[in-house]
Each structure stands twice: as C-alpha cells, then as structure tokens.
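Next comes just one chain, in structure tokens: the form predicted on its own.
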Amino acid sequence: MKVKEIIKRMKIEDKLRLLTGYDGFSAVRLDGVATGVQMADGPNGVKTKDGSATCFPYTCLMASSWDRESCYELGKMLGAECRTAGVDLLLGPAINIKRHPLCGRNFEYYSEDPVLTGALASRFVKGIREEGTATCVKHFACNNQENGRWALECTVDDDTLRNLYLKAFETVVTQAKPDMIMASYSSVNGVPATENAYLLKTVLREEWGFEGVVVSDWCAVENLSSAFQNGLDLEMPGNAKITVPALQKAMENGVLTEAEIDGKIERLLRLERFVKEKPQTATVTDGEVLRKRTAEAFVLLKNEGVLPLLRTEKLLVVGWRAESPRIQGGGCAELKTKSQSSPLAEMRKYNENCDYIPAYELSAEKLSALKKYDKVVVFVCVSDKNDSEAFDRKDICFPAEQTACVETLCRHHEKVVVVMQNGSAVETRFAENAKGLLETYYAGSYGGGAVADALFGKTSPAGRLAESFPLSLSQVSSNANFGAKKKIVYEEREFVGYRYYTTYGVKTAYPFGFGLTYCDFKTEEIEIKRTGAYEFEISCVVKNESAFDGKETLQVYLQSFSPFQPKLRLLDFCKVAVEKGGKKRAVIRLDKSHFERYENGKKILLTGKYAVCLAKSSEEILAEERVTLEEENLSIINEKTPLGFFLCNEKYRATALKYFEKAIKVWAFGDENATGDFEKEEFLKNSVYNMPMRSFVYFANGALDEEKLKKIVEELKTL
C-alpha cells in the first residue's frame, strides 16, 4: 500500500504516537503500519551489545586522509556491518566545525574547514546508504563545545553561520541526500535548535530541499508544540505519555494542523520503507583494505632521516600505549570491538629485534643502555579524561610523564620517533628534538597493524592535517569566547583555524593541509587556466621520484585581498595516487558554486580581485593566478572591452586569438610572425589583457578597421 493511502487510514492518535520514539533507540513502530527503525550510535562503528563490531578509524583520522573514495569505501563497509547487526539507521556522521581545539568532541568531527568536511562526509554518507542503511547527520547546528551543551546559547551572525557552520550541512544535504538531520541541544541566536524555524524550515527544507526526517538530539526538546510547529518530525527518545497529549492540545489550539502532521508521518514512513527494502549487496569489512586506508591517513609531521624503520635495526619501543593503544574517544559512540591490534606486536612481525619498556619513567641504567639501539620509538596518548562527549578537554597536552619521557629520550638518543594517539590538535613542542613525529589520531581496530605498516614503509603515510596545530591555546582566535556554560558569542566570525592564522600571520606548529610522505613528489607543468567567468581548470603533473608507491594531496585556495574576508579559503582538493617512478596528471575544476558566499544575509557570487592558488598546505602555495571575478554581462562587450576578458575565457579565447593574434604579436614583438609567447612575460601579458580591443587596430596592418571590429563584437556576443 502506498504511504499516502496508509496515512489516510490512520487515526490521529496513532499519527501522534509515531512522532516520538518507541523506546531509547527505535522509532516508527506501530502495529499494522510500520515495523520500526532501529538506530545505533556511530560514526566509527555500529554500537552492539555483544561487542561484535569493527571499530573503524575515527572521523578525525579519516578527515586527514583528504580522500573522498576512502571515505566512501569505509562507509560501505560500515553500512554493511549495520545491516548484519540489525541496525537500520546510524546516528552519524557528526559534521560540526572544529571551532576550538578544546572541544571534547572534536575527535568525532572532520575539520575546521566546511569544504573538506562536506566533501568527505558526503561520500561517507553515500557509501552507507548504498548498503540500505540510513544515516543521521548531526548536530544542526553550532554544537562546537560540550560544556553546557544542554542549554548553551550561541550567538553568531548570519553570514558566519552560513559561510562556516552550515556550509558542510548544505553540501551533505544537497549532494548525499541523508535520511535524517539531528537538531542540536544548542540555542542558535536565541531560539532552541529543535524549535528553530529559520534553521529547520527556511534553510533546511525551503532552501536546501531536504526531504528527510528532522529528529531531536536525545531529551533536547524544551517545548513540544513549538518544536513540532517549527520543523521537528521526531522526538527522541520515546515519550508517548507526555508527547501525545501535548500535541493533541496543540492541535486543539490551532498550533498544529493535521496536514502538517501528515507531512511528518509521510517522511517517517518513507524512512521506514527505505531501510526495510534493503538492496542486494556483497560488501564485507575487508581487514586488509581497512588497515591500508588507516595507514594512508596517518600524518607524517616530521621525518629527519629516521623513517621508515628498517627490519635490520635494533629498536627500542617505549610506552605502554604501544601495547594497549587508545583506538577511540569517549561518550555515546564509544563501542566494544571484536578485535584490537597491538602496534608493538605488529612491529615485531617486521623486526623481532625490538625491545620494549612499558614505563614512561626511565631509570639511569635504562638511559645509559640507549646507545645500543639504532632508533627509539615512543608512543604517547592523551589522557582518558580528554576527548569525550559531555565535557571539553582540559588542555591540548599529552600527560606530563609522557612528554617528560620524550624530552629525556631525545637528550640521550639522537634518533627518537614519536607516535601520537589523540583526537584533536595537540601541542607538539615536547617533541621538537625528536627526529620523527607520526600523527595516528584514533586508528580503530586495525590501527596497530596500520602503525607498523607506516613505520616500516609498507604503506607510505599520505595524510594531511584537517585542522591547524597551534603553538599554544593563546593563539586560537575563539579562545576568549569558548567554554562558558550559558552564552557563547562567535565574535571571531569566520576567522577560525587557518582562516585566522593566514590572515593575521600567526605562526602555527603545523598548518592546515600539512603532511609529509616517504615519496619524493615533484609537481610540474602547473597551469591555472580560466575557462569562464567563474570557471577554472587547475592542472599539474605529479611525479613520484622515489621507491615508494604513494598519494599526493593537492589543494586549491582562493586568496582574498579584502580586510573583511579571510585571506585564504579552501575551494577544492584532490588525492592523486602515483606509483614509484611514475607520474600522473591531476586536474581540479572550479565552477560558480565554488565562488558563492553569503553577505548581508544573501547568497552572492564573489566579485573583485582575488588569486586562485594551487597549494600543498595553507602555508605552502605552489602557484597562483590573480583574477578579477565578475559576472559575465554581454552588454559590456563592445569595442572598448579589454582583450583579456576574452583571452581568459575558453568560450571566447579561440575566436579572439583568430582575429587579434597577429596584432598582438606586432605590438609585443614587432612582427606578426614572431614565435614568442606574450603570456609568459608578466609585463606583456598584463598589457595585452588590459588594452581595449579597439587599440589593436593600430597594429593589425590594415586587417582590422572600425567595421570589422563591430562584426567581431557581434560574433563574440553570440558565442
């Protein structure tokens, strides 16, 4: 029976009953109508009672992969595991922006940047959904700290809200079509998120076209009638004895209509049908693939000739976290797992000559014995009291005994490698004298093997930081407006993370987008070509002049020269796999959507002078092309239009060169048959691009006159 027909036959009491959960983690269950939707926490694995789940690499680690296809691949595996566990809907991913390094839940979030977040989360969601498992994207919106989150009042101007904190949600909603959006606990600009018609109706439904279910975070609803009136579809957990009478009263008072309720029921029943009509699939969790993807996502922050380790070296491993690693953060998403590999045990499979000291306090005798080892590998991990839902981090440091151990080892041995386990940005000054530094974040069930693979070079680490690592908390732009339990004002506006550091010239320990590799990559034949008013093609050849297979990450930023905008904004990126000794051409294409922005509450296309930059990180620009952005307007095409308007636009370029190339060469080189390229010399290029078309009549040797110029103008207008 069709959903609309089912709704027509339902009693109003049954309809209202479906608007609240059946129990703590299921909903949409009603005899003769719907068999229910079973939910489970995520996103690093499906939470089961028997601990049979795989702990996937955490979001913070997968974000550092900068690899859309890896996220899709892991999504498919996780979606299949949900089905095996009898779970219909995964409560994830969480895609809030990492506004401050102390946020206790940053390990569940992707990045400080919404473009990277939206791109990776979209592929993850698509992978899960292709396995017939529904997804719930959260927390909408402004869940950027844990302290006081139950009743936190967040004040943020609309442009910042749209450009930074909602942008990733918009990308995922429009590109991946998630099944559910979870409203956060926070109040946003004075209105609780569960009752916020601007967020839930105007933005989510009307502007973005979201057709799925809007659910509350657990126990988040303050005013039932207001919430359901202003966009909520499902209250969680189950509370029928209170919810049904309250909504009946709202209907009697004219606050809610049955037609509005029918729309909510239709969305809920569509969700229930989607998860019950599961597709045929053969996807299983492949441990080897998962191990490889995990190792590739690690970020090699420092390598002064010590990595990869050799099988023939005498090694010392220090720190009990080498034997018992922390593989996940704390809170509702923390899960029991069927397996957990030990980095130490996996390292010994590569090199049996690998001694181990579990303690971080080293005696004088042990220190004096260090000289017999070729290299020392020490594992550090943040405190279990950091990185958890429900409270924020106390600092961004590793425990004092661990950092002191690293400093002591570095004083007594010249080849120390530090392996870090953490969920978000950390202070790294304690390791400034170490020769190697590997960021593994929370690596999940197969993390131990992945660490060994990365340390010994079976897999070349290819991760890039998805968040900036500040030198200290005092550098963080939101530091003065973070942690209060009642009211938070986002006074820093869009100047968060690298957008702040690059704009104000603040030095970081490690910048956004940074990461080393064992490969010797050379980026050549870089070309930033304008193909339309708001269309660009950025291409280059990546050569791998090493003995390792690996992946390179290329990033495209827009550089602004306005004091009112961040200096740099990530526009797009790509991951390029290049075999040892090989090369591959990489292409990134930009269109109008990359240059959209909210200003004064309206979505606009950027105009003015900017630079399109190809980069390896926010602090390492490889090439840039300065451009003037403006909407194409045929009325401005006339004899006075600068020739550059046509030469930098693929639609016009060939025609413009057909008529003006000889005149250009006469002006530039004195000979229409000259072989020189005027665009390779800055003075000549800028002169030609800025001269009006009519000026070239003087250099056309009679091939152009006023009448011919008019015909050329008309031809250009028709293209």
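Throughout, we count residues from 1 along the sequence that is shown. In this text the structure is predicted, and so the values were computed from the model without any measurement.
Although not depicted, the form predicted in complex with ligand BGC is the subject of the following passage.
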property	result
In the model of the complex, Arg393 touching ligand BGC (heavy atom, 4.5 Å)	no
Heavy atom of Leu91 within 4.5 Å of ligand BGC in the model of the complex	yes
is_contact(Met182, ligand BGC) in the model of the complex, heavy atom dist at most 4.5 Å	yes
Distance check, His139 to ligand BGC in the model of the complex, heavy atom within 4.5 Å	yes
Ligand BGC: the contacting residue among Glu389, Glu170, Glu266, Glu596 in the model of the complex [heavy atom, 4.5 Å]	Glu389
Residue (of Arg105, Arg464, Arg99, Arg499) lying close to ligand BGC in the model of the complex, criterion heavy atoms within 4.5 Å	Arg105
Partner-facing stretch of 211 to 219, 512 to 520, 198 to 206, 281 to 289, counted where any non-hydrogen atom is within 4.5 angstroms of ligand BGC in the model of the complex	211 to 219
Residues from 16 to 41 in contact with ligand BGC (non-hydrogen atom within 4.5 Å) in the model of the complex	Phe25, Asp41
